[in-house]
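So this first bit is one chain, no partners, the form predicted alone, shown in structure tokens.
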């Protein structure tokens, strides 16, 4: 048992730390995030924390605990819900097993570029707000990852080439996709990707150029196929009770900083796509424009999956798909 880590988590569990500063009390929020400091999502959150502290005159400080150092990825959502920490970030579709709406952005070939992804969030957000509200949380902002592309050791020319491969799956949707492809889904977190490939636990994955470059994917795969399957998002949520303990002025500071962080984060994501794709190419990855046969096969699976997803998501899913398709048709 890691005693020091348990002590740290226990201290964070006080939900907020009060620090006497002159005649006033300053509040410090511990904020876990699963990603390392160099990840653009974490960099964006660090800027968010700085802005909150500055605009609040130091009355609210947010201490960012990156790389799963305070809570592991799977624990963050419930840590915020239960008040162990007042605020946290996690991968939204990770909790799609709780409600399919959370996985709308990870449906293959449904929203496949930034413009479509922003329109999807526009119709997804009100439902997400309602769902989190029932659990005592408020979503502050959400930022997309770059498009998810295919990493393999061998060139993939048709969907049949993926059959039998051990396929990294980071949520329920990817598990379904892997099975539809005839591959074997294997759950692997971002920090464990290199080791998973090295030991043969994984032979292929769909992930962003960010994760690919940060994981130095050229050390264990050769081909990068630009299939642009979907653009999943991270979400930052705050415990409703903790938020309501802030005075109205500080609440508005948090909301304003969150709106700015969402805008800045999407811009960072677009820039990240260009920069990290270049890094992959410079390090010897073979950049492949997918064949028409491969894309036809993948989109056929995507069409089936969105129909199944819509049924599982019920009335909310039907409404989301209808509103999204109306927006993208305009």
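Remember, predicted model here, so these are calculated numbers, not experimental data. Residue numbers count along the first chain shown, from 1.
Omitted from view is the form predicted in complex with a small molecule, to which the following refers.
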Checklist outcome for this item: Testing 132-140, 176-184, 207-215, 118-126 against the small molecule in the model of the complex with a 4.5 Å heavy atom criterion leaves exactly one stretch, namely 207-215
Checklist entry - With a 4.5 Å heavy atom cut-off, would you call residue 145 a contact of the small molecule in the model of the complex? => result yes
Next on the checklist: Taking the small molecule as it sits in the model of the complex, is residue 243 near enough to touch it, meaning that at least one heavy atom pair lies within 4.5 angstroms?
Outcome noted: no
Checklist entry - Should residue 197 be counted as a contact of the small molecule in the model of the complex, where contact means heavy atoms within 4.5 Å? => result no
Next on the checklist: Does any part of residue 232 reach within 4.5 Å of the small molecule in the model of the complex? Heavy atoms only, please.
Outcome noted: yes
Next on the checklist: Please identify the residue among 150, 190, 253, 238 with any heavy atom within 4.5 Å of the small molecule in the model of the complex.
Outcome noted: 190
Item to check | Listed residue that, although the small molecule is not shown, lies within 4.5 Å of it in the model of the complex (heavy atoms), from 224, 167, 170, 71 | outcome: 170
